[in-house]
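Here you get one chain, nothing else, as C-alpha cells; it is the form predicted on its own.
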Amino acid sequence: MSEESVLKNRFARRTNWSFDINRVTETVNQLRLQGNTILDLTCSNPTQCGFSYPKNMLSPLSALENLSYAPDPQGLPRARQAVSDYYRRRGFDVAPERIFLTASSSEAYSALFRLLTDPGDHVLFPRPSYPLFQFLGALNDIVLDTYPIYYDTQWRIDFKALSAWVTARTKAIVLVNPNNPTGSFVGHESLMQIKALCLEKGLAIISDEVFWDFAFDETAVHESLVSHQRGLTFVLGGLSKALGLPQMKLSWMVLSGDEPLVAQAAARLEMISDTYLSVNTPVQNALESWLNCDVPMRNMILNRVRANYNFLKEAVAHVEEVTVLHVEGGWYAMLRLPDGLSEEEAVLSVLREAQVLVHPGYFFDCAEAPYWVVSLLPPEALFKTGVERILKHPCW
C-alpha cells in the first residue's frame, strides 16, 4: 500500500482535500521572493484596507463585567436586543427571542446543516458563490447541489434549473442576498417562486444577508426574508460585514416562519448552541456599543466600494474585449473576458507582467464565460493603480 493510501485511510474521507498549491498562489509566492510588490485586488479583509475605525471601538472590551461568565445558548439577552434594535432601525420587527448568536456565519451554516440534514441529504446553493460552501458541505456530510445564476444585463436565478435539482433528499435552499461575488440581490419574482417551492416541498430557506447593508443604490427596494412568515426561514448576518470587523467573531441567525416550526427549530438550535457556547462574553457585551457605530462604518465602506466600482467601469468602458458586469451591492465586481480566454492564464499573465493579483472566476465556481473577480475594498489609489496596470498590460 502506498504512503498516500496509508495517509488517506488514517483520516476521515471528508478531509481528503487536495493540498497542492495552485499555480496562482505559487506564482505570487515566487514573485514576492524575488522582491516584487504585488498589488492585491483580491483583498476582502476590511481590517487590511486602510479604514479608520472609531478610536473608542475597543473601550467596551475593558469593562469589568467581562470577567463574569453567565452563558446563554442563544446569546446574552442584551446582545440579542442590540441585534433586534439593529433590524428595527432598518424597518424590521425582529424579537430577540428569534435571534441566535454564533461566532461566525460558517458556524451558523454548520449549526443549520446539523439541524436540518442527515448525512447524505442535499442542500441547494447558488452558483457562482462563496468557495467556502464546498468545504462546509463536506465537513457536515451533506451533498452540495448548485443552481445557476445567469447574466443578461443583470444577474437572475434560473428557477427552472433550481426546481429540477429538488429531490426527496433536498432539505434547504440557500440564497445569498446580495450574492457574492455577483453583487446581485434576489428579485421579487424569484423570491415568490422560491417561497412557493419551499412551501410545496417542505424545504427550509437559508438567506445569507451578510452584505445586505451595502446596496449601491439606496433608492432601490430590495427584499429581506427576516420577517418571512411562512414555512421555515433562517436569515444570517454579522459583524464581519456589517461593521467590517471579521476579527471580533460574532454573527447571528434570525428565525422566522410558521410558529410550530420556529418553536421546534429554536428548541433544537438551543441544544446545538449549548453544546459549544462559542461566542465570547466581551464581544457580546460590546455589541450594543458597536452596532450604534454602524452608520459611519457602513458609509465609509460604501463610499469606498462605490468609488472603486465607478472607476472600474469608466476605465474599462474603452476596452472592447472586456465588460464590467452590473453590481447592485456587496464588495466585489466581476469582469467578463473574451470567450475562449483561459481565466487562469490571464490571471498569471497580469501577475507576471503587471504585478497585479485578481481572482479567476472558477474560484467562485463561475461556469460559463471566463471572468475575473476583484474586490472593491482596497484603498482607492491602490485600486486605481492596479486597474491601470492591468489595462496597460492586456492579456486578451
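Residue positions are given as counts along the sequence shown, with the first one as 1. These figures come from a predicted structure and were not determined experimentally.
Beyond the structure shown, there is the form predicted together with a small molecule, which is absent from this document and is the topic of what follows.
The candidate spot formed by Ser105, Tyr130 and Ser251 is fully in contact with the small molecule in the model of the complex: every one of the three has a heavy atom within 4.5 Å. Here the chain stands by itself, but in the model of the complex one stretch of 308-316, 235-243, 182-190, 82-90, 235-243, has heavy atoms within 4.5 Å of the small molecule.
Using a 4.5 angstroms threshold between heavy atoms, Ile205 stays clear of the small molecule in the model of the complex. Contact check for Phe211: a non-hydrogen atom falls within 4.5 Å of the small molecule in the model of the complex.
Although the partner is absent here, Val176 lies within 4.5 Å of the small molecule in the model of the complex, judged by heavy atoms.
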